[in-house]
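Listed next as structure tokens is one chain, alone, in the form predicted on its own.
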Amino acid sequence: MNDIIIAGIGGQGNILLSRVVCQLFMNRGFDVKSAENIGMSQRGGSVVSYVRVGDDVGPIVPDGRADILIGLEISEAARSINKVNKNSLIVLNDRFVRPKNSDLKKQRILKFFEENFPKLYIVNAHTIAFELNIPKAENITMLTLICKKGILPFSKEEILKALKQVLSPRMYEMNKILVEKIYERY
């Protein structure tokens, strides 16, 4: 897994999630490049992060080359569809925020993903983060669920180490509890 796209909306912690994913790969000794596209993210606009692992690669994932698309929000994941191919892993958070001035329907987008991508996983990070009373940690909830399912090859201990390296001590303690609870309950 060398090329990862993380798509979401402003306020979901997309950039932080990409930093943690980069740290996970760097802790295993990989060379990692990353970049972001941030459009009006303060107003709920699109945020796309690119993570590339390996030597001699640029930071932007070329069209059709992503090995995995992590969609923090369903319609934003659909916007990044040009970056994936039929063999890409698609991991969607079951969260839909209808874009303004649009009649997009969640079920229609999900049907598109189901019909075109055999390696589709839908997780409920939004609901789990609320159930665990840390709603702002939807991003780390998503990462933990992805790793626990074996989609990204990192253990709970590796996640906690990367979080400790990236987050402030206070934020680390909150997210440590979250990760522990997800491994216990889900």
Partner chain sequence: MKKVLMGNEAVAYSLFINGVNVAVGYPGTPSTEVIETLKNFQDDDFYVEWSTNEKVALEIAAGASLSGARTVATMKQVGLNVAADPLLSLSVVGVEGGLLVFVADDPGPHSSQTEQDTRNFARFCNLPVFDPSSPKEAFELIKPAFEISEKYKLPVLFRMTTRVCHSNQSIEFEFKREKRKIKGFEKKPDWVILPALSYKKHMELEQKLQDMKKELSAYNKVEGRGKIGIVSGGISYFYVKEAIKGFEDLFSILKITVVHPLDEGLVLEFAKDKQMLIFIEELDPVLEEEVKLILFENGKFIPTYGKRNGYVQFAGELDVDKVRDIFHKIFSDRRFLAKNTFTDVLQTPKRQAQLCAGCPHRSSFLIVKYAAKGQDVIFTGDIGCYTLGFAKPISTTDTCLCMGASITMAQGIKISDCSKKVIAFIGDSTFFHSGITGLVNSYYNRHNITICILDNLTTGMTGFQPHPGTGKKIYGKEGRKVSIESLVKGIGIEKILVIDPYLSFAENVDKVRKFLNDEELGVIVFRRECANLKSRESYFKINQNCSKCKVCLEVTGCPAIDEDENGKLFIDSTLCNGCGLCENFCRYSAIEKVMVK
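Keep in mind it's a predicted model, so treat the numbers as computed, not measured. Residue numbers count along the first chain shown, from 1.
FYI, the form predicted in complex with its partner chain isn't displayed, but the following is about it.
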*asked:* I'd like to check something about E131: if you look in the model of the complex, is any of its heavy atoms closer than or equal to 4.5 Å to a heavy atom of its partner chain?
replied: no
*Does any heavy atom of N124 come within 4.5 Å of a heavy atom of its partner chain in the model of the complex?*
no
*asked:* Check K148 for me: does it contact its partner chain in the model of the complex (non-hydrogen atoms, 4.5 angstroms)?
replied: no
*I60 near its partner chain in the model of the complex, any heavy atom under 4.5 Å?*
yes
*asked:* Please tell me which of L160, L152, L120, V32 lies within 4.5 Å of its partner chain in the model of the complex, judged by heavy atoms.
replied: V32
_Within 4.5 Å of its partner chain in the model of the complex - does that hold for a heavy atom of every one of G71, L89 and D94?_
no
*Out of 92-109, which residues reach within 4.5 Å of its partner chain in the model of the complex, heavy atoms considered?*
R95, F96, V97, R98, P99, K100, S102, L104, K105, K106, R108, I109
